[in-house]
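Presented below, as structure tokens, is a lone chain in the form predicted on its own.
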């Protein structure tokens, strides 16, 4: 599959990095020449460092990448990282430790993370972060910070570059490319891994299909699944989470290939109990999945809310000016279809700044004439009918809210910022859909990142790293800053550097 929007960043022809005949020329047998020390499924956030560091150890590495470029979700990621004890922190006089980082993750997640994986990350994250900064990554000037959006750390250990994930890719890509040119890495682009090859319970390779439909078996002493999540596979989202895939905001190749291969090989999935929706976006249509259209600013610390938020019953469900986004996300989990509606009137539209990020008031007004999620009407009942919200419920809610504005007391939620009632027609309503960009459910692994069966026994020769492990294990039932990108980079580095055995 071709991804034109990625080609501008990094395009390596598979033939330019293959070793093929040159290995045979060094006196290896044909069987040995076709067996790699490490086959990595996925050339993204975790796969690139895994390949780079394994090659530096002298390993023969094959990278199978389904896209026409390497980089994976780094093209769309915010690239947020967290690490304790970094050179950057020390240069600023910040005293931080992996134990403090671990304690913060446990506190924010309410103890719901996989502790072995979090330990492995926090104890090695500083080395990963320093590796990036030593090779040119420049975090934003005020970084590290304690937090952004979700619950904060107690210490300043959260940082990212000015271009988000691309800031990381701009560092990792040239290192990978330089190592690949030394001849130990074979890169196969536009090649989709289809199944794991097994013998006597051990993984011995990967069967893959190229863009022409040709299937090839690749033999490997070890296989690393670094193929990302499943958020662009509607059937798998429904199966694993029990929710429809409402939105399609993720990397196009996040189809769950690696997870499904691991399950077929005897692995198991875990983390579903920790699913937590994000606050989401306004979508472009009723289609499922639909692409995000615009983000409404639901962060009171950045813009005080003038509007109210209601559910399908027309009822308010949260204190709109509560600065705890985590609490709003937990409450959204209780709402039908993980969605809510933003309601306001003409007076609020005129007096308040645009609540839609990067949209002017003119753009917002135009949206009410053409966008499916934007409705307006001259009465509250007509508004509710147009939006598919319970009319009686919405009428009662707005009457109660207007009384709260008049008395300056909100008996239902304790909201404090209530500058205007919702009383002047026309009335406006916009539907916002909750969803999550990252995959929650992941494949079970042990503390050495070996894929395991449900009884805890390891599947010989098989490892997993990156988003395939799932946010349910790495962040638990919460969002901790940097605890998806950093473990992906760190685990990839560790797999290549020391965990995966290499033939002497």
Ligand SMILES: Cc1cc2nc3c(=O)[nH]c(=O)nc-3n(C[C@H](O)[C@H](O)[C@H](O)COP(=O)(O)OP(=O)(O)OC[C@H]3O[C@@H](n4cnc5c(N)ncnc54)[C@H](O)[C@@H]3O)c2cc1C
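Keep in mind that this is a model prediction, so the values were computed, not measured. Numbering follows the first chain given and starts at 1.
Omitted from view is the form predicted together with the ligand, to which the following refers.
Between 380-388, 130-138, 184-192, 403-411, the stretch whose residues reach within 4.5 angstroms of the ligand in the model of the complex through a non-hydrogen atom is 184-192. Checked against the ligand in the model of the complex, the residues 249, 266, 421, 425 give one hit for a heavy atom within 4.5 Å, which is 249. In terms of contact with the ligand in the model of the complex, the residue from 345, 257, 320, 179 that brings a heavy atom within 4.5 Å is 257. Contact check for residue 484: a non-hydrogen atom falls within 4.5 Å of the ligand in the model of the complex. In the model of the complex, residue 438 approaches the ligand with a heavy atom inside 4.5 Å. The closest non-hydrogen atom of residue 80 lies within 4.5 Å of the ligand in the model of the complex. Residue contact check for residue 442: none of its heavy atoms lie within 4.5 Å of the ligand in the model of the complex. For the stretch 52-68, the set of residues having any non-hydrogen atom within 4.5 angstroms of the ligand in the model of the complex comprises 64, 65, 66, 67, in sequence order.
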